[in-house]
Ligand SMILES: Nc1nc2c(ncn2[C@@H]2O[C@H](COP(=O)(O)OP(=O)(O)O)[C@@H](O)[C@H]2O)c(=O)[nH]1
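Consider the single chain below, provided in structure tokens and representing the form predicted alone.
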């Protein structure tokens, strides 16, 4: 039985009774705001006692909501992605997976190891770089992360790279000193090229459920996100927060991670996501 049908059965009332739609949608990690909005619409459409029709209605709503916008034109190489997020969300591994995908597409890639707080982070990214045959700019632990980001940019420009992916240290969004460090990285890059980073993506652990919504709000307010990547969706997490973050903050999801291997990081496709969410 699919995740969605399990929820429907779990929150179904007795014979002829209305499903507890609010509880169901919140349990599906859609967040209180979006759940309330969609339940009001389900009731307004007279669908609250017909789960099959309500599902079709919700499928259409979700598909329209989570579609990603067309890519922005990049005038000057390299295209720059800045990855941020809390500890343990999988940023370093995600940076490597993105690099592997880009290389497979024939792009020239460079990696920047700007996580100088966790000693193993640069070593981990360097190991990925060696395995993928992708250059990595790194520095000793304790080095100013902004300087590493800038050196990564300069090295990728010199190599005429198509894409630069910069990994940063994990941090809680409510730690002001760490957020100031992120802001410094962004300012330092923009002193070199005003339009970069082209993408500032939150890498979020899907197993934290609706907690991703609050993370996205706090990081977006502090640094200005342009999208998210949701990782660790290979277990029970189904990714409802993708819709919630888009509805509440306006941020699209660009990739979903459903495993450890590079090929397990998939570009986000609205229809595929919605089909999987509802159990096809």
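Residue numbers count along the first chain shown, from 1. Everything numeric in this text was worked out from a predicted model, so none of it was measured.
The protein also exists as the form predicted together with the named molecule; that form is not presented, and the subsequent description refers to it.
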query	finding
Residue stretch of 156-164, 89-97, 103-111, 188-196 approaching the named molecule in the model of the complex, non-hydrogen atom distance within 4.5 Å	89-97
Partner-contacting position among 59, 232, 49, 217 - heavy atom within 4.5 Å of the named molecule in the model of the complex	232
Heavy atom within 4.5 Å of the named molecule in the model of the complex - residue from 147, 210, 183, 124	124
Residue contact check: residue 12 to the named molecule in the model of the complex, 4.5 Å heavy atom	no
Residue 262 within 4.5 Å of the named molecule in the model of the complex, heavy atoms	no
